[in-house]
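A single chain, nothing else alongside it, follows as structure tokens in the form predicted alone.
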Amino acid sequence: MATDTLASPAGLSHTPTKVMKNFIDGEWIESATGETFENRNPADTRDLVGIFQKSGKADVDDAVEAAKRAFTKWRLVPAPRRAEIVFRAAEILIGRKEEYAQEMTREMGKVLKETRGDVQEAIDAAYYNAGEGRRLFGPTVPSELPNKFAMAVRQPIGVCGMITPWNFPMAISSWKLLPAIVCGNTCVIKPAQDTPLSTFNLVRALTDAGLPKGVINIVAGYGPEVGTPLAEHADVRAISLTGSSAVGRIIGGIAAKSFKHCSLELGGKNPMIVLDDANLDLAIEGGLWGGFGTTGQRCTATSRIIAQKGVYGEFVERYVERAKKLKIGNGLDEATEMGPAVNEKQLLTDLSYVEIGRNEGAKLMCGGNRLDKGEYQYGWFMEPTVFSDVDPKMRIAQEEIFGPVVSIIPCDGMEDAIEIANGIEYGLSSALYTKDVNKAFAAIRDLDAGITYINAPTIGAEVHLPFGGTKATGNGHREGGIGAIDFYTEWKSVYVDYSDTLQKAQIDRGE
């Protein structure tokens, strides 16, 4: 059985608590450690969402061995047939969208409209990758020699390890798992300990769609006990991490020792530039959504707004006024606009940066306080927080906070704004609000980031384009679109000589 159940606490109307087991070789099994951990609702910690296995190296070894066995057969299944399973999973997810969104809000905290979007992104990723099963294109090129055929084909890598974050617990799992299996790989995934249920729900849909045993295996637990041995395992030939730059350096170093494929999607400190000619109404709404959507807990969050001095005063006043009116609360309430931090540690980090900003001399315009009375007493809530008069070199303008803290920075014009935007260690997402098409295209060229939006905030990626960034945001690989297909395949160049003679390539040109 995948789950057992426990009764919900008195006074809470949620469904009974799920007791989840690891999923290895098509079976739901307890961890070798015999230990478990709790998954609680960050909006109401009385709500126990699930109990999960606190796994160790032995569980990783079992999962990798299962994936290795499954690979021998799965790689030989024609790619269109592999993709049909993914397509069926998309259809299943559509039917379960509301159920899975409700469970995701309980375990992660973000509001229902966002968790519905998270499940929808997994559906979109499934449809996209299902289509790629009939493509997986490679080049066919003319040979330099007569009677010789030349092409390159994609081949699967083998066992792939995935380590996923808590902020998009189904969407990002889908970004990794779906292209990997369509390309013919098998997988071991470690979901974030704060939000494992959503990954289990995704894999359940794939299993119900007919995915063979061992193709995807889930090992729940913590980074040092599960993530590290997964990255170190000799039979894991590719590792994909979405997480902090600090953890990325560790995983990247481990992968380099055995020459594994390694994809790192890491931090961001994303700028939104607002020029004097911008549609301010649009920019304010975009900045609110970008800054406080998902409680600021996105690698693409709009954490810096760089406003030209001609509109700076009006923008700050109106933006702060709107931020103060955002409804904070439990994401299961349809009226809620911003939920809690995912856990106490993240909340304390957010609050510590408020003090850092104050001490640096930035002007606190609103927020900055924890909410812990009345309806907030059992959750990890804080007010939407806005600093103005921020110097670009301040820590609150340089370091990723991953919470509802927005810094507004004045600039002289376009060139100054670009310099400020690029003056950080990250390069994930960026945005520009202007009505000048010339400036828009100049920004597209000059912003040092993997993603640029024009007249839209820094959040809102689509699954059919590459996702990732420059500098400390990652190591150059991309998730989504053809970038994911490139990561999860090896190129093999193939030459067929039908001349019936020995031809020596560049040596024998027939001249």
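It should be emphasised that the depicted structure is a prediction, and the values quoted were computed from it without experimental measurement. The first residue of the shown sequence is 1; numbering continues from there.
Just so it is clear, the following notes concern the form predicted together with 2-aminohexanedioic acid (UN1), a form of the same protein that is not shown.
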Partner contact for residue 298 in the predicted complex: 2-aminohexanedioic acid (UN1), 4.5 angstroms, heavy atom: yes
Determine whether any heavy atom of residue 194 comes within 4.5 Å of a heavy atom of 2-aminohexanedioic acid (UN1) in the predicted complex, and answer yes or no. no
Heavy atom of residue 52 within 4.5 Å of 2-aminohexanedioic acid (UN1) in the predicted complex: no
Even though 2-aminohexanedioic acid (UN1) is not shown here, does residue 461 get within 4.5 Å of it in the predicted complex, heavy atoms only? yes
Among 388, 217, 434, 167, which has at least one heavy atom within 4.5 Å of 2-aminohexanedioic acid (UN1) in the predicted complex? 167
Answer key, 2-aminohexanedioic acid (UN1) contact in the predicted complex at 4.5 Å (heavy atoms) among 121, 232, 416, 276: the residue is 121
2-aminohexanedioic acid (UN1) isn't shown here, but in the predicted complex, which of 355-363, 88-96, 129-137, 172-180 has heavy atoms within 4.5 Å of it? 172-180
